[in-house]
Each structure stands twice: as structure tokens, then as C-alpha cells.
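Quick setup: one chain, the form predicted alone, written in C-alpha cells, and binding and motion questions come after.
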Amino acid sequence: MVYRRTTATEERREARRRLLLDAAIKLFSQHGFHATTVPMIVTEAQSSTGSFYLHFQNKEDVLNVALKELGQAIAKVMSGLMRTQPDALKRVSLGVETLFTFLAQNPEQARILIVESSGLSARIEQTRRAILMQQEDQVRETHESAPSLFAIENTTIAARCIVGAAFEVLYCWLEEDPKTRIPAAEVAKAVAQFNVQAVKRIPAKPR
């Protein structure tokens, strides 16, 4: 007899996988990747070790899946913005602000991207870098779409500086006390303003 997976079976399977993934993200953010164990993830998800290994190869595999999901979510948010804003300088500003705000609203995922995954392994670093490069490519393409508006000719360097600044400020913001740190929206606007001023071409004054 051939076993056929029904829609209900697939939904239950995906629900169990989701619980394990969400539990891992929470624990990675709270305790760090190295301090988090598979038994901790299983307990947090109220699941079983067997179920964990049915869905994931190991702890690193969970982190890799979480990063890929985050990359897809960021891409979806950013692509919508890029399509609706025709002005290149405004795209840079709104892009930085949107990226910062999105990650600030998802601090657990932001922490594993910026803190926990950095330099962890070749596989994880490749996934992490793909997310950063995705953002750099968007900024670079925006720059190249209207070169007369920008002061920096090397679009790759400009894109790396813009994205790098956003992630560095976000890292510092995540490390600050949530009770006393500046609201994310205010920080996002400041970072966006700084980046635009840094790359914007200033028209020459008439003699």
C-alpha cells in the first residue's frame, strides 16, 4: 500500500517544523548559538528529538534555514519599496529606513543575522553574506540608475558603505537597553539621512 501525504498531514508536519524553528530562533537570540542545545530547542518547542531530526540535520541546519527565511522576508519587503519609488535618492533613504525598521521589529531574527551567525562556519557565512549582498546589489543598482545624483563614482563601495552603516548601527541598537535606547524609527531616519547626505552629489555653485 502506497502512503500518500494528505493536505492535513502536510500542514501538521509544517506546524511541527515551524514550532521547532521558532523555538530555535528564540533561544539563539537569548542564549547564543553555542550555548543553545538541541534538547533546549526540543523542550522550548514542546516537541521530541525524533521530530527535530526529522526536519533538520543538526543545530547549524536550523540556523541556516532561519537565515534563509529572513533573507526571503527582507527581499520581499525591499522589492516592494523599490518598485514604488521612482526617485533614486529617495529609494536609498527609504530603503535604509525600511531595512532598519524591519529588522528592529524582528529583533530575534536580526540578532542571529548580525551577531550569532557572523563567522560561524563557511556554510552559514555564505548564507549571511548572500543576505548582505542582496541589499548591496539593490543599492548599487539604484545608484547606477541615476549616476548624476550621486557623488561617489564607485557604486560597489558606496553600496557597501550604506548597507554596512545600517547594520552597524542596528547592531549597537540591539545591544542597548530596550528601556532607555532611542526609538527604532528615530534611529532609522537618522541613519537614512546620514547615508543620503554621504552619497548625494552637491550641485556646483555658479560662479
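The first residue of the sequence shown is number 1, and the count goes up from there. Note that the structure is predicted; figures quoted are calculated from it, not measured.
Keep in mind that the form predicted together with the DNA is not shown, yet the notes after this line are about it.
Trainee: Name the single residue among 47, 138, 155, 64 that comes within 4.5 Å of the DNA in the predicted bound form, judging by heavy atoms.
Mentor: Among 47, 138, 155, 64, a heavy atom within 4.5 Å of the DNA in the predicted bound form occurs only for 47.
Trainee: Between the options 147, 164, 32, 39, which residue brings a heavy atom to within 4.5 Å of the DNA in the predicted bound form?
Mentor: The residue in contact is 39.
Trainee: Report the stretch among 49-57, 139-147, 174-182, 155-163 that approaches the DNA in the predicted bound form to within 4.5 Å, counting heavy atoms only.
Mentor: The contacting stretch is 49-57.
Trainee: So, residue 189 and the DNA: in the predicted bound form, are they within 4.5 Å at any heavy atom pair?
Mentor: No, residue 189 sits far enough from the DNA in the predicted bound form that none of its heavy atoms falls within 4.5 Å.
Trainee: Verify the contact flag for residue 13: yes if a non-hydrogen atom of it lies within 4.5 Å of a non-hydrogen atom of the DNA in the predicted bound form, no if not.
Mentor: Flag for residue 13 set to yes.
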